[in-house]
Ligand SMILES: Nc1ncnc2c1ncn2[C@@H]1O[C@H](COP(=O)(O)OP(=O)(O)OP(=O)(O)O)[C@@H](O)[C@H]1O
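Read the single chain below, which is given as structure tokens and is the form predicted alone.
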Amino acid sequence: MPQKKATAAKSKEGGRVPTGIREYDALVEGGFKKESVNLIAGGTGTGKTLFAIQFLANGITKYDDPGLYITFEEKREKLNDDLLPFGIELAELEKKGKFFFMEYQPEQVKKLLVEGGGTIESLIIKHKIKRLVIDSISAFALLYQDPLSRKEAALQLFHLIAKWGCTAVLTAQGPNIDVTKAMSAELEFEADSITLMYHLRKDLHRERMIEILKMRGTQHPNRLYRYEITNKGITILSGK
């Protein structure tokens, strides 16, 4: 227990919020910058949701950071069942009052921006939420047809997250070949970091690759790394 507290204290002093995915944190100077907004983009089967949930679950179990998961797509029971093989028991974390699940329609988040926080803000303040996940932001971005509206909405959302004082992970759905095509220019520009996850076909099999496209104020490698999804979650392997 003392060791865990020391690690958490060191993390906060350094202005970094570890994901708890050890190999990833080693590539980005210890984790995400505190109170930053981080985009995780990839196609089907890349493990975006698993990455985001590991960020929350590790935050709770290793650093005592309460976490909020906002989803437009996942159902609570299905998500719980899908994560059990990885040893992540969201129901238990909920019982401890550290993990919070909110299922929203994209239109509700649109209303949230107009209201300036609403229910989500009240929950964040009441439970002192430190880590926030929105899974996925793509459905929300599609609500805005013209570029100006999308830009204004992105700025409003990022402003809210900054006001809440959370370190946030936003997932985005994209094609495996070029996930940047699925991201609006507004999200890509405003995000403090962008991590791309690929599930590429190579001959008769597929390989998973991860790339840190950008992370402000951080020295990170400009290369692809192979990763695997095992019963321990996401494990990053050697560079390509």
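Counting begins at 1, following the sequence as shown. Keep in mind the model is a prediction, meaning the values are calculated, not measured.
In what follows, reference is made to the form predicted in complex with this ligand, a form of this protein that is not presented.
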*Partner-proximal stretch of 23-31, 45-53, 59-67, 187-195 relative to this ligand in the predicted bound form, 4.5 angstroms, heavy atom*: 45-53
*Contact between T230 and this ligand in the predicted bound form at 4.5 Å, heavy atoms?*
yes
*Indicate whether this ligand has at least one heavy atom within 4.5 Å of a heavy atom of G165 in the predicted bound form.*
no
*Using the partner position in the predicted bound form, report whether F100 sits within 4.5 Å of this ligand, counting heavy atoms only.*
no
_Contact with this ligand in the predicted bound form for E94, defined as at least one heavy atom pair within 4.5 Å: yes or no?_
no
*this ligand isn't shown here, but in the predicted bound form which of F158, F72, Y144, F86 has a heavy atom within 4.5 Å of it?*
F86
*Members of 148-173 lying within 4.5 angstroms of this ligand, judged by heavy atom, in the predicted bound form*: Q173
